[in-house]
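We begin with a single chain expressed as C-alpha cells, specifically the form predicted alone.
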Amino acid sequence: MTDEILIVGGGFAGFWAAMAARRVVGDQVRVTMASREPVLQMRPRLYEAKPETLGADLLPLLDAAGVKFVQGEATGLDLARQTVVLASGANLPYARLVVATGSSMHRPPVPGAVAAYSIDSQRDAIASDRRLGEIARGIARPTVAVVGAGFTGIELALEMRDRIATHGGEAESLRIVLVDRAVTVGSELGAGPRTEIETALAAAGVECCLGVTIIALAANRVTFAAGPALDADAVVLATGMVASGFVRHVPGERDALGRIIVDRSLRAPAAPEVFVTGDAAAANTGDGHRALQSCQHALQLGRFAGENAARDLLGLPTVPYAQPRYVTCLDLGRSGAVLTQGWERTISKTGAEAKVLKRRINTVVIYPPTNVPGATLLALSSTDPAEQRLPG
C-alpha cells in the first residue's frame, strides 16, 4: 500500500488541492500532481485578447512546495488496486486520490458542432483568435456568431469588437450575433443583472437571436429549425460546461452536469479513498446551494479537498466544506462590468467601478502568487479565507 496523495488535474482546484495536502502532511507523505501539462490555463480570461499569454507555469510553484509533478493524461481508474492509469500506460498509485479534472464545454448534439470554434481551452481560444485575425485582415464587413448567451458568451460577444481591433481590423464594421435557445440573455444569472447586460449589448451593437433551436452547425454557419440559416465568418461556441470525461470512472450518484455528488468532506460516497473537487464535484456550499462550475468555487473546493484527503489519510477529522459567500462579476466590455452579491444576484457595483474590480480578479486574484517562499505558498492554501492573503 502506498502512502501517496495523488491529485489528478492541474487547474485551479487541482493546484490548491496539492498545496493544501502538502501543508497538512508536511514531509510525512508524498504529494503528487498529474496533469496533461504543468500550466494553469486561465479559462475565466479566454474571452480576452492574446489567449496565448493566458497560462501560468506551475512547475516553480510545485517545486517550491515540494509537490511532485507527473505529466500525462489520466484515462483510467482502478479502485481495487488504487491506481490511476495514464494514456502512456503508466500506473500511478495512491492512498488518497483527489479528482480535480475540471470540466469541458458541452457541444450541442447537432451535426457539425465539432467544426465550430470555441474558447473552451487555451488551445481552442488560440485557434479562435487566429481566425479573428484572418477576419480582421481580410474581410471588410465580417459577421461573428457567438452561440450561447450565458456568462461566457456575453463576455465574449462584448469583447469582440476590441478583439477585431487588436488584430488591426475595422471594429465598428463587425456584425456580432449572440444566439441562444433561451428567450433571455444570461438566463442562469436571473433577473438581477439582466437590465445591465441588455443595455451593454445594445450599446455594443450586438444582435440577439433568442428563443431559437439549432439543428446544425459549422465553422461558418448556424442552421435553425425555423427561419433562414445564419452565415458567419466565424461561429464560436460558448454552450455551457459538463464534468470532464475522467470523472465517469468514479462511481456514485451524479447531477445533470455529470458531477459526482460528494459529501460535506468532498468525498465520493461510493469510493472512500477518493475526493472530488472543482468542476467535477457537485458540492453543498454550506447554505443549501450547489457550488457552480466557476473559478470562484474551484479555488476553495480545491483547498478543502486537498486538506481533507490529507487529514483522512493521517487519521484526523475532516473539515466540512463551506463557501456561503457568492458574488458574480461580469465583464460588459466597453460598458464596464456588473458586480452582484449573493445567490439573489443583487447589483452592488456597475460601470467603470465594477470594471476595476473585474480586472483585479482576472489579473491578480485568480492567479497563484509568484516569487513567494514555499512556506508562504502553503499557508495560502488554508481553508480559512482569512488566511488566504499575501503579506502586505
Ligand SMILES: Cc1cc2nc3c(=O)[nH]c(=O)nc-3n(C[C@H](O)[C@H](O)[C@H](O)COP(=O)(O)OP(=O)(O)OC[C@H]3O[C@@H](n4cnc5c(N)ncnc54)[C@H](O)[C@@H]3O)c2cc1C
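Numbering starts at 1 and follows the sequence shown. Given the structure is predicted, the values throughout are model-derived calculations rather than measurements.
Beyond what is shown, the protein has a form predicted in complex with this ligand; the following relates to that form.
None of the heavy atoms of Glu196 is located within 4.5 Å of this ligand in the predicted bound form. Among residues of the shown chain, Gln82 is not one whose heavy atoms approach this ligand to within 4.5 Å in the predicted bound form. Under a 4.5 angstroms non-hydrogen atom cutoff, this ligand in the predicted bound form has Lys358 among its neighbouring residues. Looking at Cys295, you'd find a heavy atom of it within 4.5 angstroms of this ligand in the predicted bound form. For the marked spot (Ile261, Tyr321 and Tyr367), a heavy atom within 4.5 Å of this ligand in the predicted bound form is absent from each of the three residues. Shown without its partner, this chain lists Val31, Leu46, Leu332, Leu339 as candidates; in the predicted bound form, only Leu46 has a non-hydrogen atom within 4.5 angstroms of this ligand. Residue heavy atoms within 4.5 Å of this ligand in the predicted bound form occur in exactly one stretch of 163 to 171, 273 to 281, 134 to 142, 214 to 222, and that stretch is 273 to 281.
Scanning 241 to 265 for heavy atoms within 4.5 Å of this ligand in the predicted bound form gives Met241, Ser244, Phe246 in sequence order.
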